[in-house]
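First comes one chain, alone, set out as structure tokens in the form predicted on its own.
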């Protein structure tokens, strides 16, 4: 099992998320390898009400005493795009967690994001869902981009791989206008997209290993994995599933296991067939970079890290 170097300092993070099965596994991973300042929620994989409830319940399961601030219930245009067919009606597949005892700290995620980066230095922002909350914060206080150590998003793709459409990844497709605000803002940005996350796959063998470990967290992650496989592949547990959101967390805590390159990235907001596409400039003489784009991942090491986090 991977053991973290004794002298490696945990990065401080603010997490914006929409749990979501892989968001839940990402929170398990973040609880192990990062110092979480707070969490904001956004509508995405399921409704805002469900993503917020799931976040509060997961924090209690993990013993995380951090504030949770609810955010946007719909995109900047007022649309709602969800993915219950992938995550289940409540967002966590077949997993049912107790009703959380703790309430949200506020229903104004954008203000919390602004205040957090105004008052805290060396703080990373990790976005695991649609970028609506972050775009609202930037539009309200543009200078905040200079206070964010870096923004790591799970979203988009470097090679035109889509999962909602042929061109678009879900988090970007759910609010392309918000993504466009973020990508053009000047924030120090890292994109962990489908081209990378599809390299990090887990499945039945990892679920069995987690079940054998027989802790509350390991059994929880095992059930989440099995639900994910079943929902995506109609009950075929022989297939593996990509660890999208955990990769974004690990790109902050363990960047040594990722290969990223400077690129210029624009978000398509108007295309009939390409709305939500992240257009990565791969020309020999590209436009000025605005993003660090993930290309390669050490999948073996990353899977070890996720398992290690799930077995503690």
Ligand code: BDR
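Numbering follows the first chain given and starts at 1. Just so you know, these numbers come straight off a predicted model, no measurement behind them.
What comes next is about the form predicted together with this ligand, which is not displayed.
For the candidate set 147, 240, 207, 163, a heavy atom within 4.5 Å of this ligand in the predicted complex is found for exactly one residue, namely 163. This chain is drawn without this ligand; in the predicted complex, the residue among 178, 202, 92, 194 with a heavy atom within 4.5 Å of it is 194. This ligand is not shown here, but in the predicted complex it comes within 4.5 Å of a heavy atom of residue 171.
This ligand in the predicted complex comes within 4.5 Å of no heavy atom belonging to residue 131. In the predicted complex, this ligand sits within 4.5 Å of a heavy atom of residue 45. In the predicted complex, this ligand lies within 4.5 Å of some heavy atom of residue 154.
With this ligand omitted here, the record of contacts in the predicted complex names 240-248 of 56-64, 275-283, 240-248, 34-42, defined by a heavy atom within 4.5 Å. Taking this ligand as it sits in the predicted complex, the stretch 66-96 comes within 4.5 angstroms of it through a non-hydrogen atom at just one residue, 87.
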